[in-house]
Each structure stands twice: as structure tokens, then as C-alpha cells.
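First, one chain by itself in C-alpha cells, the form predicted on its own.
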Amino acid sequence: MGFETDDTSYDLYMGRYSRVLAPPFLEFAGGNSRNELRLALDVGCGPGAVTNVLARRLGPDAVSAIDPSESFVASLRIALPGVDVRAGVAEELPFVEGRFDLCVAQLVVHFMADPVAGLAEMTRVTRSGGTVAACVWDHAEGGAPTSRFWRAVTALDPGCAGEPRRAGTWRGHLVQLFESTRLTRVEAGTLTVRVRYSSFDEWWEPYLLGIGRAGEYVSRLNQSGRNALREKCREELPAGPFDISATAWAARGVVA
């Protein structure tokens, strides 16, 4: 799981969505008050959208974070020196059993090499009675930030499958994954956020950075193909400024 890119590029591409998603996701997860929680872990923290909110609400000393991207880990250690930030993967969390009151993974489960193992590890490091929560963009029903991009792609290139059918990205699947662990009282949620763009170019240019599957697709096109895709995308969007809404499936459960 994860992205190997710099913070600025990631922020232009997906960070603007993950930042506005973090507060409602943590509200769903129950990570709002230090009075309720002692320790929290952000799994697949990236450049720190969720970690920052947790640190503000709980205090840096109460927060740990982990990500496979060395560049994200290094920059987050500088940005949040009081937070315990480590390099690693969800499937092998370097923490003792039952350490955390809350363990969250925002936009991460679908990038895990083994989602069941990753969620099992999140459950292992969370105390009995603690909460595990995750959310994943709705790729299956067209609610993801990149859905308009992929509609334009498949209109021009019907053979392209778009985003793969990754774990948790269709209705109900994230809950099924949670129920495969020893989590109890599993609940589903739906989180929708809106991001403002001043112009079409502001929306389009992040796709030229080569980040993620969408960026990789654009990078393989010749200039003519890139121009055609840009104009097809323009047909999908209103004249600027405009908002893009994005929806994530969410799930939470309590450790037995």
C-alpha cells in the first residue's frame, strides 16, 4: 500500500480530499476527545491528514502513525515531532498487543497486500473495548474523486478497466472484511466530502504528475492521446469554479 511521491504532489492529487475527509472520518470512528482516548494509531498515515487531526485533538504524545513510504514518514516526523511515526506495513504492525484505544486506516485498506491480515493486525494492537475503523473511496459506484477521470478514459479507451476492483471499494465489502476479524458490533457508514476547484486546469494538472493508477495511465499516452483525454475530461466537468464531491465507504468495530 502507499504512494512514493513528495508531499506537495500528493496534496495536489489526493491530499486535498484526504484532508477534508479526516474530520468526519474521525467523528465516525470516535476519535474526537482525549477524555475518551489515551492512545491512537493511524495506519497508512501518508503525509498525515488523519495524524494531524489526531495530534491536535489528543496531543502528539498520544498518537502513533505508520506508513510504508519513507518519504512520507520522514516529512511527518519533521512536521509532528511529538508523534511516534514509523515505517512499516499494516500486515506487520510493530506494536504490542492491546496498546491502542483507537486504530484507524483512512483510504488504506484497498492498498493493503492482504486486507484481512492488515485488519487483523489493527485489531491485535487495539485493546479490548477499543475501536478499529477504516474508510475507502467508492470506486465501484462512481463516487471516488477519480471517477470522472475514469469515465472519460473508458469513453475513449473501452478496453481500459479503470480502477481495479480493490478490497472495500464496493458497497458492503468493507463491513465483510471487518466481520472476518474478531471485531464485534461492526457498523457501516458513508462519508461524503466536497472539494473546490477554481478551474478545469487546477483539476486536470495533478493527473500529469504520474501519481497512482490514473497518473500512470496518463504518462503512457502520447501527446495526441493526452490532449484527447483532457478534452474528454473537460466535457465531464462544468465551467470553473466547481465542486467535486467524493464518497467513501466506512466501517468500525469494537475489539472483543
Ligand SMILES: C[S@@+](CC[C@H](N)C(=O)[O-])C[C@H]1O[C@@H](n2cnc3c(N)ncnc32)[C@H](O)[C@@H]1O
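Computed from a prediction, not measured in an experiment: that's the story for all the values here. Residue numbers here begin at 1 and follow the sequence given.
The protein also exists as the form predicted together with the ligand; that form is not presented, and the subsequent description refers to it.
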Between G215, P68, G30, G189, only one gets a heavy atom within 4.5 angstroms of the ligand in the predicted complex; which residue is that?
P68
Which residue, V108, L174, V132, V85, has a heavy atom that falls within 4.5 Å of the ligand in the predicted complex?
V108
With the ligand left out here, work out from 39-47, 53-61, 199-207, 224-232 which stretch has heavy atoms within 4.5 Å of it in the predicted complex.
39-47
The ligand contact at S18 in the predicted complex, heavy atom, 4.5 Å:
yes
Does any part of V89 reach within 4.5 Å of the ligand in the predicted complex? Heavy atoms only, please.
yes
Though only this chain appears here, would A113 touch the ligand in the predicted complex if you measure heavy atom gaps against 4.5 Å?
yes
Exercise: F149 in contact with the ligand in the predicted complex, heavy atom 4.5 Å
no
